[in-house]
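One chain is shown next in structure tokens, namely the form predicted on its own.
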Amino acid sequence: MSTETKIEKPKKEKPANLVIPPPKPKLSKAERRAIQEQQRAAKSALQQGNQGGGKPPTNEQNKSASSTTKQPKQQPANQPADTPKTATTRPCDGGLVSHLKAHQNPELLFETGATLKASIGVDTAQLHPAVVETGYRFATGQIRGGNARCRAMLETFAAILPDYVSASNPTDEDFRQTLDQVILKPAFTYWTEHCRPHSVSMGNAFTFLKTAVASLDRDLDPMAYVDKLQESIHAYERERIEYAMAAIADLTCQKLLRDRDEVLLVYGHSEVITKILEGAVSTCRQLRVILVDSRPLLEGKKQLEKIRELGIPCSYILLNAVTYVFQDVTKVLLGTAAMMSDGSVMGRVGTASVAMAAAAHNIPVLVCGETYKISNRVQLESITNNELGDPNLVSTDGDTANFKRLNLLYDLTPASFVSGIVTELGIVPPTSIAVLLREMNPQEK
């Protein structure tokens, strides 16, 4: 048998200067519960004191509470005690719309005279005079509406292209860069940043122009570039605007208004609504129109002239009286400035009020718009992306500390208040806008 020998380890000696504290006395269950109750009471009194609703805690309570919890920092005397730490105070000058570009007075932006010139902070030496003139018409409101502004932009580009060909250097290697960097981009930037923010229709048309320039053959003659680009511009204007409005008018009259007695409620001015009313004169058995308008632009007066020329019986009211006429209305027809991919509709301010009031009275709301106004953005309210108009149209009194003028040009109508959207491709529910965006804009895939 083998024997195992155990090796004993040397014992560690305790240091001479080591002091071991005596063990803490054990507390009974009742004593521990009393200490916990005292700590809870001190904490509750401390919270009530910070909220201003209770007495400040005593010194003994503070000492007992500090043994288990850290005392919160005291707030400044000029700050309310119930204000959360993440809250921020918005400046009174801008408020909710401080992120939007303020309206600029056109009289300060341009020098009118024998020659129209930009006067402040803009070098227009490289811009064509027609570009400056179009920007002036944008800024002064002579051209309003998504279709009118887009049409003016396209016609301006088509008109100035030949002038750049005659002035260009024939030794340029790629004239497409001249088209993009010298003609299209500077003009569009000038209109957007110095005259008026561009509409969704203008943005989509400009994207089409850039795509058309990039698809041109590099070896073409500069004049051939211009001819092909002008042809593309006129085709886009004809197919996406003119033909689209005619198709929407024909579809609305044949599917929704044919052989019926209709009382249509329309709001403001819209080119596509005018087209629909022109066709409805011969389609409906009996037709009457209620035109709703709103300040400060009163664009409905232009629509009223068109309706009177068509000989349609019409009633003209302001937006604040719209709820008094719904007992006679059969359908509501609305134009649009943009259609978001989630089905919401952006239109002239007041459009959402008309749509929601009609939905409350169980009246169908039909939004009529061309597919080139569809945006790939999603918007949930009217504040994030909007445009500020001239505040002097709202009130001539100046702004003070307690009085601020606000003139929003657009509002957003949620998809739940829209019965259907009429496009040149058919009548679709608001939830199908994303499908139309994919089909009509393959470059967005």
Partner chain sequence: MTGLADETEIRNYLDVRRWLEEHHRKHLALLDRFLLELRRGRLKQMDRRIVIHRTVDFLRHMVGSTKWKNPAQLHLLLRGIGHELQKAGYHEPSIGNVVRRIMAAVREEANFDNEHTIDSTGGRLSLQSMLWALPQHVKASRSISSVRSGDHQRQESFADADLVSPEYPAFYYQERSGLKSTVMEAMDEIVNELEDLYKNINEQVVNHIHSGEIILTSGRSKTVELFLKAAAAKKLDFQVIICEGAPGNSGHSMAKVLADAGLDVTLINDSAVFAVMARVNKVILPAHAVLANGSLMTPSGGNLVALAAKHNSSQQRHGIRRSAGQTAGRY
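Quick caveat, the model's predicted, so the values are computed rather than measured. Numbering follows the first chain given and starts at 1.
There is also a form predicted together with the partner chain; it is not shown, and the following applies to it.
Note on the partner interface in the model of the complex: the residue among W191, F157, F175, Y267 having a heavy atom within 4.5 angstroms of the partner chain is Y267.
Site annotation in the model of the complex: the residue of S232, T336, S353, S341 reaching within 4.5 Å of the partner chain with a heavy atom is S353. When the partner chain is considered in the model of the complex, S315 lies well away from it, no heavy atom lying within 4.5 Å. Interface membership of L161, defined by any non-hydrogen atom within 4.5 Å of the partner chain in the model of the complex, is ruled out. In the model of the complex, the partner chain stays beyond 4.5 Å of every heavy atom belonging to S375. Using a 4.5 Å cutoff between non-hydrogen atoms, T140 does not count as a contact of the partner chain in the model of the complex. Contacts of stretch 309-326 with the partner chain in the model of the complex, defined by any heavy atom lying within 4.5 Å, are made by L318, L319, N320, A321, V322, T323, Y324, listed in sequence order.
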